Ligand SMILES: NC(=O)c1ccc[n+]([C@@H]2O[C@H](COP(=O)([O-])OP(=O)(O)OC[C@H]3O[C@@H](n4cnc5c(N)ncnc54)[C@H](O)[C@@H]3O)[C@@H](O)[C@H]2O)c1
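Just the one chain here, the form predicted alone, laid out as structure tokens.
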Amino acid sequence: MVTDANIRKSGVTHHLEEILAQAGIICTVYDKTTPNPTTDLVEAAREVYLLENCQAIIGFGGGSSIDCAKAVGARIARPRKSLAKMKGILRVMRNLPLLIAIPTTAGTGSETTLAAVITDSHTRHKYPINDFPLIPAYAVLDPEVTRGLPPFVTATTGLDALTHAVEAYIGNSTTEDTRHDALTAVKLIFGNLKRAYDNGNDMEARRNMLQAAYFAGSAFTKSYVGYVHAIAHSLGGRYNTPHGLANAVLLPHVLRAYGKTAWKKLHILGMAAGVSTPHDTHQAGAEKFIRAIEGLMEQMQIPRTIRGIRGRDIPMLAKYAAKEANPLYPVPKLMTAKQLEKFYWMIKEAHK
């Protein structure tokens, strides 16, 4: 089982460990996963897997634990291939050990995607690995394990799911199924995220948010994401910025920058969210949707800036983001690394 120390200490994993023991299944736990899991952590977990002669992997936690579990599986499947050489698309190409995902947050959708995002321990470059064997064989969506999630984490992970749905929907490689999943996710998020934030024991809202994250994950694993994710990954790698927070802060800025190339689709998303009407122009409907996202952020006390961004790092970070996004992500509008730099300045916390 791959998890993190806080989840283990909270006792959330104990019931499963007891059930496995009663069934005669030996479960070894690696609980040193951190936000934005690194290559060193993956290798340490892999050593535990090999030392204990394990035969399956459970990723139990947020997206970081599940991504770490996926990467461990990839290294077991390809022992002579480094994670860096699996970066990109279809570079694993071998079946992983049985992989089960149990998400404790309603956000990343990692339990249903073909992606794992890993940070190089030495360069601090964060990159995605995308391949079909990384899709877990089973996903267990249990709202009880999300009950103790702090309000701020509920908010940022929920906005992470929203970002997945929005970027998947407005991209240029959608299908009827992914559009349906994205619209369903957006409707569920606007109907339940604030409820879950206000009352962590609202199990209906918790359950609906897990469904939303799952639908959003299903949408983006087929239709991909966009510049919000590319920029957020660069921030996570360099500064260990929580992924959901980075996505939330960036989302309104990037959506506005897409301009008329995204207005129609954002208008449709706004109607799914219940904030736009069919009588709005596409531009007006899109702006209502973006403002509704900003309103949700304000209600849940999400900051509009991110601490720690250094101006001297921005050109390098923008190059990382541009390289990740093009040609991997089917964005509505292509931007150069130079054009992406403005987003870092927009969200950079001013020195006091």
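Because the structure is a prediction, the values reported are computed rather than measured. A residue's number is simply how far along the shown sequence it sits, counting from 1.
The same protein has a further form, the form predicted together with this ligand, not shown here; the description that follows concerns it.
Practice task
Using the partner position in the model of the complex, report whether Pro151 sits within 4.5 Å of this ligand, counting heavy atoms only.
Solution key: The answer is no: Pro151 has no heavy atom within 4.5 Å of this ligand.
Problem - Interface membership of Ala246, this ligand in the model of the complex, 4.5 Å heavy atom rule - result: No - in the model of the complex, heavy atoms of Ala246 and this ligand never come within 4.5 Å of each other.
Exercise for the section: Give a yes or no for Ile7: in the model of the complex, does one of its heavy atoms lie within 4.5 Å of a heavy atom belonging to this ligand? Expected result: Yes, Ile7 sits close enough to this ligand in the model of the complex that at least one of its heavy atoms falls within 4.5 Å.
Problem - Any non-hydrogen atom of Gly63 within 4.5 angstroms of this ligand in the model of the complex - result: Judged by the heavy-atom cut-off of 4.5 Å, Gly63 is in contact with this ligand in the model of the complex.
Handout entry: One residue of Ala230, Val92, Leu96, Ala116 in contact with this ligand, assessed in the model of the complex (non-hydrogen atom, 4.5 angstroms)
Key = Contact residue from the list: Ala116.
Handout entry: Contact assignment for this ligand in the model of the complex, among Thr146, Thr163, Ser223, Ser234, heavy atom within 4.5 Å
Key = If I apply the 4.5 Å criterion carefully, the residue I get is Thr146.
Handout entry: in the model of the complex, segment of 48-56, 64-72, 292-300, 319-327 with a heavy atom within 4.5 Å of this ligand
Key = Comparing against this ligand in the model of the complex, the contact stretch is 64-72.
Exercise for the section: Could you run down 100-130 and flag each residue that has a heavy atom within 4.5 Å of this ligand in the model of the complex? Expected result: Going through 100-130 in order - heavy atoms within 4.5 Å of this ligand in the model of the complex - the hits are Thr104, Thr105, Thr108, Ser110, Thr113, Ala115, Ala116, Val117, Lys126.
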